[in-house]
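Take a look at this single chain in structure tokens; it is the form predicted on its own.
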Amino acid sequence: MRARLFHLWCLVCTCCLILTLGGIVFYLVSQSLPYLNGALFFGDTPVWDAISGKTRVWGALWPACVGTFSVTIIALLIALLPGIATGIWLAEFPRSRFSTGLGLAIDVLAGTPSVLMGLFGFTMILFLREHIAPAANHSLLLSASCLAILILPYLASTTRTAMQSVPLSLRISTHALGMNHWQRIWYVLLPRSTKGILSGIMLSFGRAAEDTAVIMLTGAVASAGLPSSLLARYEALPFSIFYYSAQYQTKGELGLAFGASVTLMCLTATTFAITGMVYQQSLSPHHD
């Protein structure tokens, strides 16, 4: 009886979750549907001129799409190797007071509100202006660096967990084969941990793409156009959602906020789908 009640409770919770998610997606799509067209992304600008940057796009989402993709990819490039390396070190090297303290610091950093990371970037620019580089300003690189610090704990934690979940029998087998520590990590543990590491990368990408507090304080603005360099300001979809929903004067501007919401959701879902296909390909028996 208790097992059936528990099963029923799990089923009800699952259905509630699916219905809630479906309701949110349906509402966003229904509100944005009248605005989902080329003008939402490019406005009155010809498509090729907008994509190539020949003509600036006003009142549309193309610059925000490029800005979001740019800042997320740069943040991942900055955080990827340090995050994975930290996770490997925590999982595979002898425990010490330093490693215990580092693990605690990563857990604390993972729970740090993103607005504090944005405030750190904001004050960093003030320090640079006052003491080192008077011309320093908020920029794409600053936002990406702060986002990299924000997602680094996710990469380290998921890598550590994935490495520690490799069966002990497999580790013992590597000793029997005469592998040294480096060979064991490179040829056995890392390939067996691919799923967990990819999950961490997916989680980090989504975390970086949707964050608003960090980019608001470090470089994202409205109507900046396409990012011209790493040191330039830029537009981003999360900031566009906030800006258009908070400052809207017409239904069209509110429609831009809904359109940006659906676009951000599709961008994240597409990335997850591509990563999933890559992971399935890696599991294929014909994959080298």
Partner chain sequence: MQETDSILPAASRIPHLCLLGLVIPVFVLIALLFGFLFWFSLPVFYSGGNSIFSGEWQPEQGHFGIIPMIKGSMLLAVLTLCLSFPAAVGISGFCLLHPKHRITSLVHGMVRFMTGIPTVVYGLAALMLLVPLLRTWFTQSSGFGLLACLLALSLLTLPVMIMILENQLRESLNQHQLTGTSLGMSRSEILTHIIIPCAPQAFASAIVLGFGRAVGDTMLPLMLAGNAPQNPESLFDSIRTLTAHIGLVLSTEHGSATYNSLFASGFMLLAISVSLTVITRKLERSYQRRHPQASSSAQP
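Positions refer to the first chain, counted from 1. Source: prediction; values computed, not measured.
One more form of this protein exists, namely the form predicted in complex with its partner chain; it is left out here, but the text below deals with it.
Of the candidate stretches 240-248, 64-72, 47-55, 33-41, only 240-248 has residues with heavy atoms within 4.5 Å of its partner chain in the predicted bound form. Looking at residue 139, you'd find every heavy atom of it more than 4.5 angstroms from its partner chain in the predicted bound form. Contact check for residue 120: a non-hydrogen atom falls within 4.5 Å of its partner chain in the predicted bound form. Taking the partner from elsewhere, residue 254 is found to have a heavy atom lying within 4.5 Å of its partner chain in the predicted bound form. Remark: residue 173 does not count among the residues lining its partner chain in the predicted bound form, judged by a heavy atom distance of 4.5 Å or less. Only one of the listed residues (191, 134, 167, 111) places a non-hydrogen atom within 4.5 angstroms of its partner chain in the predicted bound form, and that residue is 111. In the predicted bound form, its partner chain lies within 4.5 angstroms of at least one heavy atom of each of the following residues of 198-228: 203, 207, 210, 212, 213, 216, 217, in sequence order.
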